[in-house]
Each structure stands twice: as structure tokens, then as C-alpha cells.
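A single chain comes next, written as C-alpha cells; it is the form predicted alone.
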Amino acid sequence: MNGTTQMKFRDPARAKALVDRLHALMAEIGRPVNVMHVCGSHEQAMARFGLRATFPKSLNMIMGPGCPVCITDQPEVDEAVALVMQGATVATYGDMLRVPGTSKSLADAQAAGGRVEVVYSIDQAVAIARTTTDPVVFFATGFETTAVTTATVLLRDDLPSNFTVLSAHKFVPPAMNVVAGMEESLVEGFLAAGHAAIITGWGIFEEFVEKYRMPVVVAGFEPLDILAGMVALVELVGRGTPAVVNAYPRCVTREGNRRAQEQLWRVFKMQSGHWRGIADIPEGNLEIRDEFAHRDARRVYRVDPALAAGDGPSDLAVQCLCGSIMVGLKTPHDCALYGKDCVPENPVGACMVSSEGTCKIWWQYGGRPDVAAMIGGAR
């Protein structure tokens, strides 16, 4: 995006008009409204551009389980650490380095002499594998957007024989089903991630809207994208209209990227799995299909996660509220560890590790203390 185009989506006058419309809508509704986004990039953008400060105080935008690092489960991290302890080189994204497993992180394994490489793409992990005959495992995290990249590489026929993937990829729509089905949930609508919808298409949300009778708006990541998406979502909530609205038409279509979908589902299948601190998510994990078993680290190697689990989680880890924060039942201010025992330099929970984690973002940019009181009052 060039500078001129970028400024088009950051125009202050247009932003003010959207904010004014948002305030007018909330005044018409006359009660608190709780909506959720499921994307760490949305949270980053809202924090970076100070959008939360422009929202009416009665509008609560909750960050849901949209941080892939945060919801990578402890046993999955244990598997990666165990592979390092068993002599493999594990390559992964930088955010994963300090994510706690049951008792150890990949950073701990690296400090103990293990081979852990930080990469920016799966292609870099493949390049590392070409330089050695030792096992190289790509610890693959992220939602359907990054899973497509992993799938594309695994479909290649020129990969070195020592290269495998440990998949911790997740699929977002099933997690929305879980949040919407929680009796204690206050969520009335969802702001869906534009980049994921580029792959899946916005039509994927139609079944969800029909089942749960709540609206979904697909939005991009520039300030005007988010504000326009919020206006559309609040309008739907106010009217009690369950519908899907595509507020990112320059990038998202109803059908999505058919070629990318074909590659994704050729390599992966949906499998139920546990998301850290939240719940078992039916069909929420992406598992490598049998056809590619020779590239699946879980099947190529005898991975023993007990090697990394140690004596179990610490007392502080047990107190972490990361899971409740990611489904909108708590905020970082509700956690006794936040800003005290748990800070970016010494994180207890995964939400304080990732640049897309709620706690890390609130620590870096500042959260809204009044949100915690509003959530409590709404109950």
C-alpha cells in the first residue's frame, strides 16, 4: 500500500464522521453493547491508532481468541521443546520463543544448549534443513492464513528428507461457535478478520449467523476499515438483524480464494483440540493428513512431551486468566498477575508474550480500565 492509498484509509475527517455515527447509534440503542473481534491484528490497530478512546463508553469491543500464539496449547509447546531435547532443530516464529509450555519454553530449551532457530517464514526453515542432515522441524502456528503457506510448501516435491512440520495451526470459525454458545457470554456480534476471509470468503459465516442469530461483519485493518466495520456491526446489533456484512470488499469476496482453499484442505483436515486456557474446540485444530504423514513430526519422531513437562505448571501459571480474557469474560485488569508478576520481560501467560496478545497490547498501549467495570455491571 503506497502512502497516498494508506492516507485514504486514515483520513481524520472521515474517521470523525464514522465515530460520530457510532456515538449516535449507541445513543439510539440506549444500553451497553458487547461485541467481539477474533484477530490480534485488529487489536493492534485499535491500540496503535487509539481507536478505543473514540468508542462510546457503553460500547465494549472484546478481543476474542484471535491471537494464534496465545491459544497454542501447553502440550503443543511441550512437544516442540521435547523435540529440541531429543536432538532436533526446531524452527519457528519469534513470538513462539518465550511462550510457556507446562514448565519450559523454547527459550529455556535454547538456553540449555538446544537448537532453536527463529524464522520469518516456513521457506527459511526449509533452507535450514538443506544445510544439514540432522532433523529440522518447523513448529507451525497461526490460523488459516499462515496454514495456507504451510500447506503450499508441503505440496512441493523438492523438500529435503530431514524436514518435517509440527502443526499447531488453528481454524477460527469453530472457536466463534464455542464463544457464541457459552451461556455466560455477553457477545452480541463479531468483527471478523479480513485477511482470513480473503482465504475463506465471507460466505463461511452464513451458517454461523443462521445458527446463533447474531451478526458478523468482515473488516480490514486500517482505521477507517475498523470504524466502518464497527458502525455496520452496531447497526445490525441495534436492529436485531442477524446477517453477514462484508466491510472489506476491496479484498474479500463471498467465495474467497478457491486455489488457497484447495491447497489448505488437501494438506490439512479439521480435528478437535484444546485451545490454551479456553476449551476443547470441535474441529478447531488443523491436522496434517495421512497422505503427508512423512512430513508430520508427530508421526516421524517419537515425540515425548513428558520430557518437557517437568513437575507441571507453576503456581503463578495456574492463576493466569489468559483463557477467560480471550473469550471476553475477564480483562487484563481482572488478573492479579497483570503488571506485577506478569510483565513482557517475564511473562507468566501467553497473552503477555505475543505482540497480538491482549495483555501485551494493553501493557504497551494502555487498556480501558472502565471496561472491566462495565462487564461486571452488565452481568
Partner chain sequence: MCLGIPGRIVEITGLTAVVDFWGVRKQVALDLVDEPVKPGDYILNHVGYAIRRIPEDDIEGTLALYEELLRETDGGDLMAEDVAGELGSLGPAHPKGEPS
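Because the structure is a prediction, the values reported are computed rather than measured. Numbering follows the first chain given and starts at 1.
The next section is about a form of this same protein that is not shown, the form predicted in complex with the partner chain.
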*asked:* I'd like to know whether residue 141 contacts the partner chain in the model of the complex, with contact meaning heavy atoms within 4.5 angstroms.
replied: yes
*Using 4.5 Å between non-hydrogen atoms, is residue 269 touching the partner chain in the model of the complex?*
no
*Determine whether any heavy atom of residue 254 comes within 4.5 Å of a heavy atom of the partner chain in the model of the complex, and answer yes or no.*
no
*Does residue 353 reach the partner chain in the model of the complex, with heavy atoms at most 4.5 Å apart?*
yes
*156, 195 and 223 each touching the partner chain in the model of the complex (heavy atom, 4.5 Å)*: yes
*Region of this chain that lies against the partner chain in the model of the complex, out of 331-339, 40-48, 57-65, 315-323 [heavy atom, 4.5 Å]*: 40-48
*asked:* Can you work out which of 300, 199, 166, 237 has a heavy atom no more than 4.5 Å from the partner chain in the model of the complex?
replied: 199
_So the partner chain isn't shown here. In the model of the complex, which residue out of 119, 243, 85, 182 has a non-hydrogen atom within 4.5 Å of it?_
119
*For the heavy atom contacts within 4.5 Å of the partner chain in the model of the complex, list the residues of 77-108 involved, in sequence order.*
93, 94, 95, 97, 98
